[in-house]
Structures are given as structure tokens and as C-alpha cells.
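As a starting point, one isolated chain is supplied in C-alpha cells, in the form predicted alone.
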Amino acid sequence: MAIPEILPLLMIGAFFVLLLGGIPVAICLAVTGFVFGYIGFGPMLFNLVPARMFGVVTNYTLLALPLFIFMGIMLEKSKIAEQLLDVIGLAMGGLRGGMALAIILVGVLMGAASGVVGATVVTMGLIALGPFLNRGYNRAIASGVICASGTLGQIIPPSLVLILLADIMGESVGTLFAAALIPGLLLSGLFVLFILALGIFKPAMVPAFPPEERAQYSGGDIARMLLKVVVPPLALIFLVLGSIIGGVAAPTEAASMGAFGAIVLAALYGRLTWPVLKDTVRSAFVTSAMVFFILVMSQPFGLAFRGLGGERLVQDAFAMVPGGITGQLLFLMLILFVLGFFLEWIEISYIALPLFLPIFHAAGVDMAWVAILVAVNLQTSFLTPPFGWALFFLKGVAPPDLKTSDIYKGVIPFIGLQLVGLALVFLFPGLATWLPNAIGW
């Protein structure tokens, strides 16, 4: 193999060595990108990189990221998510597994309100894990349902993953939001069916609320609480998503409405205090800065890798995969799933994914469908040990007696359900393409 052909392989190897050494991913991207880019191009690289970085920081669509992050964190800091869980849990408590079903529904609502996995998992872990265990839920199932429900924000729009995938794949954000709606609800439905099945066949693992606890409230009381607590966040979600999917507002404008709406909701509930607002702004800034730093530093890495011929090596490797474009797409799904054991979704999206996309572009594959397959696949990366972030988030707020092995065992069935959802979207592309086509996108 010629020296230039070895450079992109050495570049990938150097990146993983630095990453495993504990160096932050953005620094790993920058160091490997600049060092190998300089080896391959000399000083010319530094003439190309600024334009690429400028393109990221001036991308109007990406402005939706900090606004949606702010929206989700405001709902979490103002305790609106906590109220949602209490009221929906009370309404569902008469069913076996009712509290777990409430967690899934709140995961859907919080995912649609923010798309921030960390905030959702931590919030539900703090609020629900103790009551789960006190009411006799199986430790593994309690952990698994919290982790899995918290990751629904990565597929249910408005999702940060979908916004970044739209930028990477050259699709509109509205198209991907519309394409993800049915698969996201399908995945939530699979989780619900699993809990209902446990309630039937293993009732001791998911007991119902004690009758005396529900007897404190009448049906009318619960209905009024649902109306007061659940309807306003639902209205905000429909306002944001409806304006994007309906073509009334661009994602950035809709995100600004969502951020303002979250402030209004916090004020209506009497929880918009200066400490809450200050804490929300600080958390939103930190999270947004982390995301954009990785995006900016991925530019020299991607530029150097392509310039060194890495893209051609990937295409040559894919050409050897049997089964044509179907086999290549299955191979991509396998690669992304394996990478999810070791890397975060944002690293996979901006490092691995762009290497494979030209193959599917050239074959004329529907990129909205590919994007949803990728998004569902990346969602599993939050649950797969040893580096699934949802596992870390939950362990950080769990009681000391909850073992890491309990969390690992609990997420296994939900990883399986996500793979079932991925297979369904793969076998029936209309699940992802019907809604965008129906509204003319």
C-alpha cells in the first residue's frame, strides 16, 4: 500500500488512541485533523479550514440547537416535567406496569419538548427511581424503562440528532422531523407493548399503584389535574412541531417560539424565578458550546480525511460488500451499531457517517429514509454498554444500592426493541417516507 493510502488509516487509528487516552473528543478531532492535514497538504490546509469553520458558525438552521436545548432545560428546571410524571403516573397507576407506562409517556412528551437525553434521564431518575423501587418494581426493569424512555428524544422531533443529520445529509429539518414522527411513535408503542406484556405474564415485576394511594383522588380530581398539567406542554409541542411540519415557520423560528413558550409555561406555573432562569441559561450555554465545539473541530478532521483519500478507501471497501445497495446499507447499520458501544452519537454522525453517504447519494437512495434508519440506530448508542450515556446519567442519580449490573440488565430488552424498530423501518420504508410525501416534501 502506498504511503498516501496509509495516512487516512493512521489518522483514524491516532484518533482512537487519543480518545481512549481520555482526551476530549473535540481536541482529538482537531489534533488528528491538523497534524495529518499538514502532513498531506502542508500549509495549504490552513487556507481551507477557516471557510469550513465559518460555514458551521453561520449556519442559520443550527441556531435551532441552543433554542431547543434551552426549551428542554427550562421545562426540567421549572419542575414541569416532575409534575407531568406525578399526574400521568397517578392516572395510569391502576394498571400493572402503570408507572412504567407513565415514564414512557413522559419520555415521549419530554423528547418532543426538548430532545435533550441527559436532562430527561436525570429528571426521571431523580423523580421516579425511588418510587419505582419502593413500590416493588424489579430493579432492572425500573432502570431500563427510565434509560430507554429518556432516549426517545433522539428520534421524536424536535431532536438534536435530526437537526444535525439534516445538516450532514443535505435534507431540510422539516422533512426529517416529518419522517421521524411515525418511527418515533412506533418505538414508543413497542416499549408500551413490552410493559403491558410484563404486566400480564410477570405481574410481580411491575406492580400497580396501591389502591389506598389512588383512593385519595377521585376520577374528577385526576381529570382536572391532567387538564392543568398535561395540556399546556402538549399545546406547546403541537405549536412547535406543527409550525415546522406545516411549513408555517422554519425550525429556527419554531425553536425560538418553543423557548419563549417554555418561559411562559414556567411563569404560568409560578416557577419562573431568577435562579431558575439563570441556571437554565447557564446549562443551555454549556451544552450548546460543547455541541458546537465538536462541530467546528470536526471540520479540519473531515477535510483532512477526504483530502488524504479516505473517502475513496471507504467506497472501495463498500464495493466489496455483497448484496448491492441493500447489503451496503445493512453493513452501514452494523458499523454504526458497533461504534455506538464506544462513541457518542455526535462523534459517529460527524466522523463516520459522512464517509459512507456519497455511496447512497450516488445510488439514488431516499436520504430521508437513510437518516431515520441512522437516527434509530444512533439511539441505541445511548443504551449500549460500556459507554452508553443514559447508563451513566442514571447511575449518577441512582441510590447507592442500585448496582451497575442492574442497569445493564435492564436496558438489554429495550436495546432489542430498538433493533426491532430499526428492522421495521428498514423493511417498510413507508413508515419514514409516507408523511413527508403526504405533505409534499
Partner chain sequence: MRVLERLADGASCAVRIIGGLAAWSGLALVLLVAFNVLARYFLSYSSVGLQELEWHLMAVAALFGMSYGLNQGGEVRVDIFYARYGARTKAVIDLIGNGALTLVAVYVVWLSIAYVQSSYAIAEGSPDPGGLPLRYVLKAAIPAGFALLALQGLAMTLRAGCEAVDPARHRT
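Residue numbers count along the first chain shown, from 1. Here the rigid core means the biggest group of C-alpha atoms that line up within 1.5 Å when the two forms are laid on top of each other. The model shown is predicted, which means the values in this text are computed figures rather than measured ones.
As for the form predicted together with its partner chain, it is not shown, yet the points below apply to it.
K.L.:
Only one of Phe292, Tyr269, Phe360, Phe331 gets a heavy atom within 4.5 Å of its partner chain in the predicted complex. Which one?
P.N.:
The residue in contact is Phe292.
K.L.:
Among 144-152, 225-233, 270-278, 201-209, which stretch has residues whose heavy atoms lie within 4.5 Å of its partner chain in the predicted complex?
P.N.:
Selected stretch: 270-278.
K.L.:
Quick one: does Pro413 come within 4.5 Å of its partner chain in the predicted complex, counting heavy atoms only?
P.N.:
Pro413: no, not in contact with its partner chain in the predicted complex.
K.L.:
Does any heavy atom of Glu82 come within 4.5 Å of a heavy atom of its partner chain in the predicted complex?
P.N.:
Looking in the predicted complex, residue contacts with its partner chain do not include Glu82, since no heavy atom lies within 4.5 Å.
K.L.:
Contact with its partner chain in the predicted complex for Val248, defined as at least one heavy atom pair within 4.5 Å: yes or no?
P.N.:
Close contact exists here: in the predicted complex, Val248 approaches its partner chain to within 4.5 Å, heavy atoms only.
K.L.:
Hey, in the predicted complex, does Ala30 get a heavy atom within 4.5 angstroms of its partner chain?
P.N.:
It does: once its partner chain is placed as it appears in the predicted complex, Ala30 has a heavy atom within 4.5 Å of it.
K.L.:
Can we say Gly22, Met53 and Lys395 each have a non-hydrogen atom within 4.5 Å of its partner chain in the predicted complex?
P.N.:
Yes, the whole trio is in contact, each within 4.5 Å by some heavy atom.
K.L.:
Counting only non-hydrogen atoms and a 4.5 Å cut-off, give the residues of 251-266 close to its partner chain in the predicted complex.
P.N.:
The stretch 251-266, when checked against its partner chain in the predicted complex, contributes Glu253, Ser256, Met257, Ala259, Phe260, Ile263 at the 4.5 Å heavy-atom cut-off.
K.L.:
Would you say Pro413 moves between the shown form and the other one, meaning its CA shifts by 2 Å or more once the core is fitted?
P.N.:
Comparing the forms between the shown form and the other one, which are aligned on their rigid core, Pro413 does not shift its C-alpha by 2 Å or more.
K.L.:
Align on the rigid core first; then say whether the Cα of Gly184 has moved by at least 2 Å between the shown form and the other one.
P.N.:
It does not reach a 2 Å shift.
K.L.:
With both forms fitted on the core, give yes or no for whether the Cα of Leu29 moves by 2 angstroms or more between the shown form and the other one.
P.N.:
Leu29: C-alpha displaced by 2 Å or more between the shown form and the other one.
K.L.:
Could you tell me whether Ala255 and Ser149 have their C-alpha atoms closer or farther apart in the predicted complex than in the shown form, knowing the shift is 3 angstroms or more?
P.N.:
Closer: Ala255 and Ser149 approach by 3 Å or more in the predicted complex.
K.L.:
So the C-alpha spacing of Thr151 and Ala255 changes by 3 Å or more in the predicted complex; is that change toward closer or farther than shown?
P.N.:
Those two alpha carbons end up closer in the predicted complex.
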